[in-house]
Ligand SMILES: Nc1nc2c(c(=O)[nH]1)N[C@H]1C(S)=C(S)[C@@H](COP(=O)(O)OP(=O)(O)OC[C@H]3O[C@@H](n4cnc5c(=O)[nH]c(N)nc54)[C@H](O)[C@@H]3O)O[C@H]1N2
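Only one chain is included here, represented as structure tokens and corresponding to the form predicted alone.
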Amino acid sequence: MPKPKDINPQPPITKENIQLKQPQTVAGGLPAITSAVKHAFREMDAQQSIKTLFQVNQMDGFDCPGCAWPDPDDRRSVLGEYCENGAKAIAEEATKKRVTPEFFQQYTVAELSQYSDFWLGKQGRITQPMVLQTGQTKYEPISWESAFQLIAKHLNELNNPNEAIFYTSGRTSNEAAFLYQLFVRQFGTNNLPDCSNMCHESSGVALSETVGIGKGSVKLEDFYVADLIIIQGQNPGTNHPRMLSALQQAKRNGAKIITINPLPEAGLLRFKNPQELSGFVGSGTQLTDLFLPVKINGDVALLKGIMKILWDEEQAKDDIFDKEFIKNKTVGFEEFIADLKEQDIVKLAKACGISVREMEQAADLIMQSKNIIICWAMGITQHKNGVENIREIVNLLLLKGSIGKAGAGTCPVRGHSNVQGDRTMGIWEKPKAAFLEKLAQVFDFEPPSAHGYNTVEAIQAMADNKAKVFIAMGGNFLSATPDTELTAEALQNCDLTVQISTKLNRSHLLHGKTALILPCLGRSEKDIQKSGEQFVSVENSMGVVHQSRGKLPPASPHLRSEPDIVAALAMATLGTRSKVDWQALVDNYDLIRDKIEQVIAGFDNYNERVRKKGGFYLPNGAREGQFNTLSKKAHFTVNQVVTHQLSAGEYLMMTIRSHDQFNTTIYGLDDRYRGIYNGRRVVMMNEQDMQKASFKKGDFVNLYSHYEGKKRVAACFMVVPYPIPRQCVATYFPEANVLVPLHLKAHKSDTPASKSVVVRMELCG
């Protein structure tokens, strides 16, 4: 079998011919349309492109496999309820290109690993199950039945069920996720890590502690009646472009917007709506009223500074805080204020890089506002203090009574289309006792109660030879996780790795002694089972559960749906040990939904309600002002200011997406909004820092991180001057994931701290 050194876990390291232009200051408009059309027509013919895109996010169509931004409850745009990056996601899935067994015969795995992630993804849809047997160098076809028997053999020969790890991507439907966790728990383990562990786990922990539910509290219509929207550590122009339409409408209705982010992003400065005439002429809509370019991970210091100003004003005017809400609905206010009084505003300003005057401007906007929404994403969660960051956000909302009413509340913006639904369905390594009790009652078995591995723990377990089988329901585990070299070695320690996928990715190339690729249907494709055509359901960022019905013919007659794959795997592995009629469930997905209704609260009359246009909202106590904490009240918390003590030549690095990618899927090599073209190995750096380090625009550098005595290297990154705070730098993932130590993670949530990695740089040869 090839050793790790023969197979490249990182994308090829080359000095790319990168072209630099001025960053853009407006998002959307004609360039967004042009880009969407170009990508669609490149992968599909014109007729299929138009027909497919008009079905995306429609009430009788299929849910975009991209982000989890909600669709309007009442009406959907007749021009198309999708964005530029949504069109790219659909084009990637509906492509006419195919990865056949003949393709796999052309390349060894080692040869494929020398290609870029972009090239791998562009080869097309995988058409048949493939196996890489122990000692072989090329994948070969395998029948579905043989694949299931091979997996069952490996699983049933383990010393105990906890030697298997079952990973889940946020693309998976409610129906597939529910069956998956049921199979895994009947097998005997809670080893159910998922992509939530790497993104919004910090949000779930912090919100559960403070307001009693690990989800956001707002609806889409709340944006239209908000007085103030604060967008923190988030770049919606690239990561959630349809959010820009909601922000545009909010501005037209009189809302103000504060943006808090280390980088100025085009999508938060100005927006041209491609579905309006103003999207083609004029200057578009200015979105941000106040931009605060905070230092990386300076958010707690900034929020404390703003709230200290608010406290001082409250002492003078006695009308800034919502005292009735604080008295009746919260606990911990006295301790919070005692800490706030001790803060030095000048020191806070230095810690966050925002002047006292700018803090006062933010405080003025907050004082004028009764209904406040705060949105955030990975720029807040992926730090050692990610949980504390979000608890401090909640503190500000509680001071203003801005939760549990229209136009106000928490809004963690999820990055994948059903990542929130997966958790609702039970994809969690730390299941609650009430959920397990229901599962036991409905399916007549004793679920395991011991907590399983989260993502970080799963990697360590494989590295330590404590886990021998790894199965991934979607995703690109290697490229999504931190510490790339260690993760690659961990996967190669396994006896068997299984990837349930639609397209080729790097996780197929860093594999166990035996490896399987099981190709599944995409979100856009028709799913025909014994009882007829099926639909699946998903949950968006705001807790709406709705149906998704594929419209395209499958890319290959050999594809199977994710529920079908899970059911077949369960039958092969569990046999008579399971009393579940797996075949009946997969023959008719209504039966799966009936079982979900029996197990999970909020899904009453599931099959009836999910068939209604727009779906239905799940219960959300915080949305109603009911806080399901132990005290039955919302909690103020005391959170420490984090200061990164950087030595000369050290920088705090955050990993980010380019505009031409979604998570680990690379659509192209251009980051149009940031003015970076034809390459991805770049490090964005403050010009004053460049001068001090004697770096010039276009120089190539190697980046180094040191943690727990280990040196990690990411080679050949072009230096790009960019308006980013001093001693802060930004790079793209997955290229820079190699620098993120596995155990550099958030307290309580274990989310990898990919946004606060201390690095050094040297010119590369």
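The structure presented is a predicted model; accordingly, all values stated were derived computationally and were not measured. Each residue number is its position in the shown sequence, starting from 1.
Although it is not shown, the form predicted in complex with the ligand is what the next lines describe.
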In the predicted complex, does Lys755 have a heavy atom within 4.5 Å of the ligand?
yes
With a 4.5 Å heavy atom cut-off, would you call Glu562 a contact of the ligand in the predicted complex?
yes
According to a 4.5 angstroms non-hydrogen atom cut-off, is Asn239 in contact with the ligand in the predicted complex?
yes
Give a yes/no on whether Arg171 approaches the ligand to within 4.5 Å in the predicted complex, heavy atoms considered.
yes
Only one of Asn476, Gln181, Gln420, Asn454 gets a heavy atom within 4.5 Å of the ligand in the predicted complex. Which one?
Asn476
Can you pick the one in Pro262, Gly426, Gly550, Gly407 that has a heavy atom within 4.5 Å of the ligand in the predicted complex?
Pro262
Only one of 528-536, 494-502, 599-607, 438-446 gets a heavy atom within 4.5 Å of the ligand in the predicted complex; which is it?
494-502
Given a 4.5 Å distance limit between heavy atoms, list every residue of 373-394 close to the ligand in the predicted complex, or none if there are none.
Ala377, Met378, Gly379, Ile380, Gln382, His383
